[in-house]
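Okay, here we've got a single chain as structure tokens, the form predicted alone, with questions on binding and movement later.
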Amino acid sequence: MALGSSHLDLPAPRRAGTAVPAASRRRIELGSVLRPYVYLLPAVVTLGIFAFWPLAATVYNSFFQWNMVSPRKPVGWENFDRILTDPSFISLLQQSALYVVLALISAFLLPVGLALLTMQVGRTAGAFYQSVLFVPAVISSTVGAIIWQFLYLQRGGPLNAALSAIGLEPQAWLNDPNLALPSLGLVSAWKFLGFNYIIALAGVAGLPREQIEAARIDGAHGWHMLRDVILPLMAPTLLFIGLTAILQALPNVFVPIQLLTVGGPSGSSSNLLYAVYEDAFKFFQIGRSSARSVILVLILGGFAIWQFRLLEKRASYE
């Protein structure tokens, strides 16, 4: 085409109603189908690398005897059999269950109760309580454990000084087999209560006021209001807090155990998760540690599924 020509060789526009070629239509349809998966690809790759692949490797290693130096030796179900028939497994299971119970009290019941009470004290006082209760959540777990180590000192510690002041005997908080586990549970409760408290507070603040006022007009007050109106409306929030309380009970207490008792005295403050760590990084029994990890995942997964089904029946997301 010569320069200056008034005619441009452009493709003619497609007229309305003109059929799209079959090949183009297939490409458009294929793009529509694949587009959501392309958006999900980064998350799937990240989960695959950091979650699913380690889980698969753990299950695989549980059927071998391996110390990370010598070649793997296949042993079948022997690791699981030794763990489940070991008398110490029952003790670890009981202690793990006690940590979960303490976590449900301190990271589920207590935060929800405090959130409900905070909404009754007014905005100024409520802001003060929010700040006080959330401060431990921003403190490092290591620093928090060191603070409590000072508080638990048998000689000169503030807690024993307070007991002596009221005429009671000082206690060996971290050296008494009967006190070590609840003492560590208290450290974990102090550290992680504030996070769930803020979530519960947000759940309370987001309750639909119209329904609450309608229930109050209908005569619902006190316990009946809490049981029949408020808690059902908070079911999604309660589900989240309850699941995190169960699943994070043992990880949250790991640092206090490592820094304050190392599982002692006589293993009275250990649990299944800490035993996984000891098998892997103290005794280098990777197969045994992997088998214990699989058992722990199954137990916690069962708890999570049970609680999810229990609360999901009453949860409303509308």
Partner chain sequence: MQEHRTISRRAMLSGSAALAAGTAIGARQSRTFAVPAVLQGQTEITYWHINSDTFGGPATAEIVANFEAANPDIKVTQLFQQNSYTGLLENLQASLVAGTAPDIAQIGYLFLDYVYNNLPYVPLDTLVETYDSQAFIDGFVPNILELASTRGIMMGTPFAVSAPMVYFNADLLAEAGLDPASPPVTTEDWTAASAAIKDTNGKVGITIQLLNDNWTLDGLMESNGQPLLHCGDGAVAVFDQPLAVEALQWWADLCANDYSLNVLAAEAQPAFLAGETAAYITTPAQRAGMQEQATFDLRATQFPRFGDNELSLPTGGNTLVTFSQDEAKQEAAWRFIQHLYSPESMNLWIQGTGYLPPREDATAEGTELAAFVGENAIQAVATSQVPYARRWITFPGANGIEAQQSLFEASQAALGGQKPAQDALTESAARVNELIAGESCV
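From a predicted model like this one, the values you see are computed outputs, not experimental measurements. Residue numbers count along the first chain shown, from 1.
Note that the form predicted together with the partner chain isn't included here; everything after this is about it.
You can rule out all but one of 45-53, 265-273, 30-38, 245-253: in the model of the complex, only 265-273 has residues with a heavy atom within 4.5 Å of the partner chain.
Residue contact check for D86: one or more of its heavy atoms lie within 4.5 Å of the partner chain in the model of the complex. With a 4.5 Å cutoff on heavy atoms, Y60 does not count as touching the partner chain in the model of the complex; it lies far away. The partner chain in the model of the complex is approached by Y277, whose closest heavy atom lies within 4.5 angstroms of it. Taking the partner from the other structure, the partner chain in the model of the complex has no heavy atom within 4.5 Å of any heavy atom of R72. In sequence order, N67, M68, V69, S70, R82 are the residues of 63-83 having a heavy atom within 4.5 Å of the partner chain in the model of the complex; the partner itself is omitted from this view.
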